[in-house]
Structures are given as structure tokens and as C-alpha cells.
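Subsequent text provides C-alpha cells for two forms of one protein chain, presented individually as structure 1 and structure 2.
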Structure 1
């Protein structure tokens, strides 16, 4: 007799949990610097269109795989395609990918935790604005503090996962997402009030089509995939917790809209402040840790108390966003260990903590004692990020839509999408969505993959 699995309690819980996975570092840390590096508003426009036309169908496909299989991300393909060795052989990817990403995400989470402590201890208030980049460089290149912050942040996230799907992930998501939206709106309003911030708003929303290039198009598509946690095994895992009577289309669309809205708010929180301070928007992955403290230092010269409060709120927001991402990543491996090896949830989470903790420690040390260990100019952290984001994630997203479009029976896909025909409003939309999953989405993924290696 199959052991009863945990599941989300309601549609609200489904949307909150899936949105919690999508709304995280991909939006707050990655989206602003990607916008800055790839054309501003043109990138934003492509990102919005890509989310609706390409990423949402892939998201739906992964939910269908999860709910239809009713098991963890590794066993989902095996259960739905029994006797097919290829799908068994690639089924390790949905476990490997989130484990790799969790390892370096927890390092970034550790950075945000340390910067929150710095803000609370008034370090930015007393620093010279010209030295803020040096604060970041000195911190990440040190040995023990970044590692300890990484392990502390990883432990905080692991505790939530250990509490379970309903008591941990669902309750955390329901509480923290409204808080996260409130914080990002507050910071965005403040950012847009700064002198010179209007230029940052125009940069986000007034397209200059001369900035459009094939690389901009591909990177916007890639950011859309990354932001919605596609190809990471997360949506398949969370999909397996979705009840049979839940409307997949509504839940998926609600997640995509929430993700888009938060990404735009993150842009409004950061870009106006960056332009107000006269900082280069294409500063890269260190944008929020190198550029934003500069703004707080400048602010501190005129309004010390306000500077301290805003700096604390900003980095607390980064911590929360990072936790929502990391929790979903840890849950993928945890679900696999619980169901495949019959581990207790607490023990499975501890195994994930050890694996991600060890790998993340190497990533953290790659900015300091292991900085000389490089491949093609990339340190260990960069290699983890590049391999996961540019190779494994795309391969998994491609395989997911191919699986739904060509391996699963169309009748089974229709049954999941329409709940056996009971969701009448979904019925007339099925053929269009199925076409996007089967033909359009695979081409989009291949386009990103090709661009990453040729342009």
C-alpha cells in the first residue's frame, strides 16, 4: 500500500509555495544586473513576453509531470515512462541540478546575511562611499566568515524544510511572501523618490530598440526560465504535492504573474537608486552588494537614521528572497531521499545540508584561498553557476517539454490540464497550450542553448 504523501492544502497554498520558489534571488539579485547588462527596457519587454509565451507552458508541463506521477522529481520520469531506459538514465538530473544551485545560492544568502548584520551595526553609515566595493571584496575573499555565514543561512533554510510540506514550506510561504512584497514595494517607493531616479525608471520601461540583439533575446528568455525555476526539478516536486482537483492553469498563471510583478518591483527598487548614485547599471553579479551600499553610505551623510533603516530593510529583503529560493531547492533532494530510501524527513534534510554545505564551502573559498583554482578563467563558484544555468537547466527544461509533448499520451496531458474535463474553461485552451509545449517551447530552449555557445 502506497504511503500517503504530504500535499498543499489549497490553491492559495499552491500559488504561494510555487511563487515562493520563483520569487527569490533570481528576481532580486539576478534580474537587475541582467537588465543592466543587456539593454534595459528592451530586455524587460522580451522578458515579459517570454514568460507568457514560452516559460509558462514549460511551467505547466513540469506541473503536469509532477501531479501525474505523484512522486519525487527523480522517479517521476521512471513512473510515467516505465521500461524506457533513456528516461531512467536522465532522471538523476532533476536531483543534481537543484543540489548544485542550492550550494552556491546558500553562499549568496550568506553574503546577504552578513550585509544585514553590517547594516544593523552601522558599518555603511560610518564607511566612506568610495570604499564600499572594497568592503565586498574584502569580505568574500576572507576565509572563515563567508563560510560560517553560508552554513548559518543554509541551516536556517533547512529547518523550514525539515518541518514538512504543510507545517514548514506552506506556512513559511504564506507568511513571508506578503512580507516580501511589502518590503520590496517600500524600497521601490523610496528608490524612486531619490533625486535623479527618473532616469532609472526610464531605463527600465522606455525601450531603445537599437539595444536589441540576438544575445539580448536569448538572455531574456534564459532569465525567464531561471526566474520561474524551470528545469530545476522544483516545479515537478511541487507539482506532485498539488491535489487532483486543483486547476493547474490558474495556479501556474498565478505563479507567473506574481513572478513578473516581483521582478519589475525589484527593478524599481534597484535601478532608480543606481542611476541616482551615478553607478554603472551593468556592474554584474555584485551589483546589489557593491553598488547599493554606496547609496546607503551617501544617504548616511544626510540622513543617518533613515539610511540605517533602509539598509537593514533592503538586506533583510534579500535574505527572505534567498530563503524562499533555497527552501524549494533543498526540498527536491529531500523528497527524493524520503521516498527513495525511506529516510525520515529530518535525516534527509541533514544529508542535503551536509552535501550543499560541503559544496558551498568550496564555492565560498573560491573567492579567497581557492581563488587560484580556475578553469577557463572561472573559479569554482562561477563553474557551478555556469554549468547549472547554461547547460543542465536548459537540458532539463528541454527534456521536460519533450516528455510531455512526445512521450506522455496526449489524452493524459489533457486529463491533467482539464481535470478530466471538469475545468470547462481550460478545455478550449488545451490545444493552444499543448502546441506551445510540444513545438514552441523546445525551439525556445534550443535557441537559448545555441546562443550561449555561439554568440
Structure 2
């Protein structure tokens, strides 16, 4: 993130690093419950189309800004549009958004930590499958344990950030990502074999268009942005590490497709279990913590040892997926404090820990003692997520595409997209992608933005 301009060594390294940031709680935890809250297959369908038509072009736009400017997200706009004060003034957004997300992200991280401990202490093995929902609601509405778990999870991630990200965590994500895919496939297969699972699969893939509302559209796009880590400077930063010879289209599409695939697999792992367990799909943020333990309880009756190992591994994977993402979220604010205020790295991380720790504690308590505090039906946790994912992310994504479409020179954009004409297969695609970036994406984002306010 700072001055040294390291680069990714190979195409797989680029895709792994970007997919490591993209694949996280957004896929495993947020996607399934968003599907459940917003009408099932209709949401999934819009999510897939939106990812290809809107999010991928925006992703490409962010990589282009990053690689062209060859600097961090805060300075990128300033460097590419010198002397334009507007672009300087918005540079606080890419710092603010990740910090808000980090706060509540680590609350969910804390939940998975607790569930990992629960799995290891054989709690699911001895529970009756019918009680898994109750275990969860009891847990989140209590005061101390979720807050402690949140702080512990945040501290674990903060320590890694303080140590520096590159060597340890990047190697780790390279190893863990294939494991993640393997596990989610295995769990999806098991989940689909449960009695009553067919209904879950139908819920995911058989659209009922009467469920469609403009809100479905707005939330599906918001989810797609969130899942690809768009609109907050992360992709701009990673883009600045992408090698000059690299094919931007291939790396971007590779990341988007792995992220999409992972989300659908997570849906297949979770929805059938939700239906088999008789849980309401619109149960909200707790969905995976209610349905996955159900599978393990069931499995535990036939194969107790296997069930314990798999349950432990599953929550361990959630923890790691969340950690790799949380680390890059904290890193943004940390790098900012180091560069802007010349803070020492350790101290900057500590400041981030205090800010996210305090804000996250409020989010955590909003499921328990503070649950009465609501604005139009949303508790503090929901408000954090809504403001970041459905408002700020959209503004930032809008600004990024407008920047590439209207502020940068078309020739420069073409040059980046085709590597100066050497990536021959990208040449004929350029006009279409440019059109999507310049006209389709900004108009779509604006429409969605206003839908959020008016409906």
C-alpha cells in the first residue's frame, strides 16, 4: 500500500490475491441471507447478470485506475487528474468505507470464532438438531461473549496487519483458497442430499417473478459490489501491483468468476440445509450460524468423529476467509494514518483497533441490550451495513467509472485495456467494455442509488 511498488509475480498470483480479498464473509455469510431476504432465485438471477454487466466493468475500471496511476487509492485520482480539487476532496471515502465495514465484519468474524470453539468442544454433537436456531439467538443476544469474540477476532487480524501482510498472509491465502473450494463443494453435496433439500435448490434457481421489486435490484447490485470488494480503493490498490504485461481482462474476469462461483456454492451449501432444518430463509444475518450447525448435528448422529472434524474445519475456513478480508480492510486505514500523520505502523494499527473495536461493540450489542435502538426497522448493525454497502460503495463506484469514462483520456484507457494493442483479443472488445464503463454502469448505479432512497 505504501511507497514501495512491489508487483504480483504472475497471473495466478494476481487472481489469487484479488480472489482472496473478494472471497470472504460476503460469499459465505452475506450472500445466502440476502438471497433469503430478497426473494430467492430472482435475487440470484439479478446478482449473476449484475456481476457480469455492471460489476465486472467497474472492476476493470478500478484496475485501470490502479495500474495507470501506479500508486495507492488515495493518490491515484490526484495523480491522474492533477489540479482537480474535486478528486482530491473525495479521497476520504476510500478510507472511511473500509473502516465502517471492518467494524461490523469483525463482529461476524467473532461469531465464527465462537462457533469454531463450539464445534471443537463437541457442542453440536450433543445438541438436538432442532435446537440450533435457539443456540444462535441465545448467543448473539447475550452481552459479553459476542463482544469479547469480536475484540479477539479484531485483535488477531490487527496483529497480522501490524506484522505486515505480504509474506505470511498472502502465502496462506494461496494455500487456503483451494481448501475453501474443496470444503464448500463437499458441504454443498452433503447439504443437497438431505431430505427436503430439493426445495432449497429450487428456491435458489427457480425464479418467482412476483417476488421482484426495485429493491431486489438495488440489493442484488449492492451485494455484487460488496462481494467483489468494489468501490473502496482495494481493487485500485491491487491494480497498481498488476504487472504491465498482464492482461487486465483475464485477471478481472478470473476474479469475478471465482467469486461468483463461490457465492453460488455457498448458496448450495446453505439453502438446502435451511429448508431441511425448517428455518425461515429470511432469518437475516444469523442464517449460516443456524443452518450449518444443523447439518453437523444431523451428521453427528451417524458419524460423530467425521462431523466434529468437518464442523471444526468449516468454521476454521470461515475464520480464515474472513481474516484475509478483514486484514485488507484494516490495512487501508492503517496505511492512511502512517502516510498522512507519519504514525508508526504499530500505533496506527492500534488506533484502527480502537475505532473498529468501539464501533463494532455497538454493532454487536445491537443484537442484545441495544436491540431496541432502531431506525426504520434497522438496528445499529443493519445501519452500518446499509450505509456502507448501499450508499457509500455506490457513490465510490459511480465516481470511479465516471473518472475512467470522462476524466481519463479514451486512448489511455484503451492503452491499459489492450496493453498498447498487444493483447489482440481485447482490441475488438474494447468499445463494448468502454461503453459499459462510460454509460451503462454510471446510469445503473444512479438508478439504484435513487431507488434506495425513494422506495
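For clarity, a rigid core is taken as the largest C-alpha set superposing within 1.5 Å between two forms. Remember, predicted model here, so these are calculated numbers, not experimental data. Numbering follows the first chain given and starts at 1.
Of the two forms shown, structure 1 is the one predicted on its own, while structure 2 is not. Comparing the forms between the two structures, the C-alpha position of residue 374 differs by 2 angstroms or more, with the core used for superposition.
The Cα shift for residue 157 between the two structures, taken after rigid core superposition, is 2 angstroms or larger.
A movement of the C-alpha atom of residue 180 falling short of 2 angstroms is seen between the two structures when the two forms are aligned on their rigid core.
Summarising the core-aligned comparison between the two structures, the C-alpha atom of residue 308 is found to shift 2.5 Å.
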